[in-house]
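The form predicted alone is given below as one chain in structure tokens.
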Amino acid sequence: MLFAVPVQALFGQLLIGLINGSFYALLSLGLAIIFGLLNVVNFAHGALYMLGAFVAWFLSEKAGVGYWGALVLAPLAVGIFGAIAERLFLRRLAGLDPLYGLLLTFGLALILQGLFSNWFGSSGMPYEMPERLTGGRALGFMFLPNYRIWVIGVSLVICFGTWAVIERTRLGSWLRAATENAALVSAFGINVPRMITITYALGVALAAFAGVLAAPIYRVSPQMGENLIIVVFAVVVVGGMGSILGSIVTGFSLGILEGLTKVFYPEASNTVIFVVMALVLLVRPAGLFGKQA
């Protein structure tokens, strides 16, 4: 029964659901951008999420850069890495079946995960949160950690800010036009290959940003993106492949649903997202926000 559930447990799992939903939304947003604008199924997204956390850890432990500096520099570094990968590898697959891009990015994910597993092992390393965000607030019915509030708030700002840039600005219109009619856009003097590189770099930088946010909560580990990427792909499918707004809304919604399921039916918490995916595909194969063929 609903009223038999302790209030502390209910709100605690709701908070955990919002935290997970924040990471689902950021990661699925990057996937949606890359697939929607480049038609690439980026299976390396989980590994790039992990790479962002490791770059932040290296900047903090080896270079003396604090959390705030790493929060900016790590996504930038991973974005540059993504831009190089796009120019060297993915660009050669332009015009081919998307399966080739999936296989290439899957291989890249295995390489990254294998390298970091050999270097650092699988136990994981702690990553300290900034002193300003330590502690929390006692609300009477639950304790609300400051860092969790920060993660949820900044994720909302980044997600909807990215959506606004792509859907409401001239740069976003150029990106969308470049993927639909590259020849026409080139005729206006726009460097289409550069726009494609920027798009891929933006998508992977969002994954790295999520990795930096997650590092103080989940530790820095080579396996931290291994299982998460499967859930994120399910989120993208439910929201609609390539739908940016769908990825954001579905990411937060399914994170909350997963958290509430742990309260009322814990046995189903690991599968509820995939059950929702199956039901949505039966009713609306293009996803909740996707365009029907």
Partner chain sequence: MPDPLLSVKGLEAWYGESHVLHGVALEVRAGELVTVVGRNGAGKTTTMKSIMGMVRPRTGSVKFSGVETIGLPSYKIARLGIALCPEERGIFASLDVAENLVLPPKVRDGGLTNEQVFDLFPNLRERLRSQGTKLSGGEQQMLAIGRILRTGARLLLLDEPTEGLAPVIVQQIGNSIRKLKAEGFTILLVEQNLRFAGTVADRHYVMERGRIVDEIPNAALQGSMEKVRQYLGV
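Model, not experiment: these values are computed from the prediction. Positions refer to the first chain, counted from 1.
Although it is not shown, the form predicted in complex with the partner chain is what the next lines describe.
Within 4.5 Å of some heavy atom of the partner chain in the predicted bound form lies at least one heavy atom of I190. At a distance threshold of 4.5 angstroms between non-hydrogen atoms, A94 is out of contact with the partner chain in the predicted bound form. For the chain shown alone, L76 is not a contact residue for the partner chain in the predicted bound form, no non-hydrogen atom being within 4.5 angstroms.
Not displayed here, the partner chain is approached by L184 to within 4.5 Å at the level of heavy atoms in the predicted bound form. The stretch among 169-177, 151-159, 125-133, 97-105 whose residues place heavy atoms within 4.5 Å of the partner chain in the predicted bound form is 169-177.
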